[in-house]
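Only one chain is given next, in structure tokens, and it is the form predicted alone.
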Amino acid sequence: MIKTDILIIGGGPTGLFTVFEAGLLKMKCHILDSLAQPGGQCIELYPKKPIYDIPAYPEIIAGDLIKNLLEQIKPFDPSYTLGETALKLDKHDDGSFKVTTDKGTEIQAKIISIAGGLGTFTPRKPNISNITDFEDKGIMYMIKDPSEFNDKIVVIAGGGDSALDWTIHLSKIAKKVILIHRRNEFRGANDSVASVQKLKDLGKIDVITPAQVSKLNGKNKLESIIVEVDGKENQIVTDYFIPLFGLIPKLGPIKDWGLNIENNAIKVNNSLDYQTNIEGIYAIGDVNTYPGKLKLILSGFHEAAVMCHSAYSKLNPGKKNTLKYTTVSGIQGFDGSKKVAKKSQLSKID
């Protein structure tokens, strides 16, 4: 059983910043996310997309924003459960909660902060009749461990940032990488498109456009794919096929927790603290709704700060909390010493 003060469901920008605000108030956080790494859409869908409405940053790349947030929360040492989805909610007599994931992990928390962005993500699958036969047998919709592709033949399908970024990254370790897209034009960042073009020109990857995968072949695992190009079918031997066509957001099992839902978003009391109809459960960021809601990262940051001060009052009844500016108080970790976070050891996002 994992025990924490605040369980944050969702590891995107709003969820990560919640750790910082909670840490200033000496509250411990645990982050639960269905994705394999923190960062939410910023990492999974558009790690190289520029963002222009973060205060003090005229422009910041989405992946860099996540790196900075992870660096910012390091002094507060959050714990993580990644690659798992919140499934079941139980409320105890003392007002605390137990959340059980789809993999059986149990997390006990005094406060729950749902910061799930647009919800859990399910992969958008290509229309191939037997694709489910090869799932986890050569078909993958998300990449969790790049080392799995060492010296392997990998086919990636897609035209967005994820497809381009993983093509670039895996070209360094795979035996061969083939990128397939149904159009000649790619939707990703210009520098990523240029990098893929350079790798193609150098003969380090193959790019097939316009084309699409129509059939999968193999016995106990994927052995080859059929690609349609100009009405003709071509067979390509491969170890892996990774269709990266984006992710479909859904609230998932959370929608059955008894929360007030409106248009696939969770209704909250925005006049006070962004609490839901269940006391002790808050919803912040894009996952919530209220009159005048703006779906901006900056709005989520504000909601996180307000929510944490409300949570502090619930966890410390009768204890007055005085707001202190960090310019005066500095940043203290849980060991009581002031800390300056060192350079993160996160993996490079190409």
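For clarity, every value in this text was computed on a predicted model and none was experimentally measured. The numbering used is simple: start at 1 and walk along the sequence shown. Throughout, rigid core stands for the largest set of C-alpha atoms superposing within 1.5 Å between the two forms.
There is another form of this protein, the form predicted together with a small molecule, and it is not shown here; the text below is about that form.
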**Message:** Only one of 109, 254, 196, 225 gets a heavy atom within 4.5 Å of the small molecule in the model of the complex. Which one?
**Reply:** 254
**Request:** Just give me the single entry in 306, 315, 70, 51 that has a non-hydrogen atom within 4.5 angstroms of the small molecule in the model of the complex.
**Result:** 51
**Message:** Check residue 85 for me: does it contact the small molecule in the model of the complex (non-hydrogen atoms, 4.5 angstroms)?
**Reply:** yes
**Contact label in the model of the complex: residue 9 to the small molecule, heavy atom within 4.5 Å** = yes
**Request:** Determine whether any heavy atom of residue 45 comes within 4.5 Å of a heavy atom of the small molecule in the model of the complex, and answer yes or no.
**Result:** yes
**Request:** Please run the contact check for residue 244 against the small molecule in the model of the complex: heavy atoms, 4.5 angstroms, yes or no?
**Result:** no
**Prompt:** Are all three residues 19, 23 and 113 in contact with the small molecule in the model of the complex, where contact means a non-hydrogen atom within 4.5 Å?
**Reply:** no
**Request:** Superpose the two forms on their rigid core, then report whether the C-alpha of residue 103 is displaced by 2 angstroms or more between this form and the one not shown.
**Result:** yes
**Request:** For residue 43, decide whether the Cα shift between this form and the one not shown is 2 Å or greater, given a superposition on the rigid core.
**Result:** yes
**Prompt:** Fitting the rigid core first, would the Cα of residue 284 be found 2 Å or more away between this form and the one not shown?
**Reply:** no
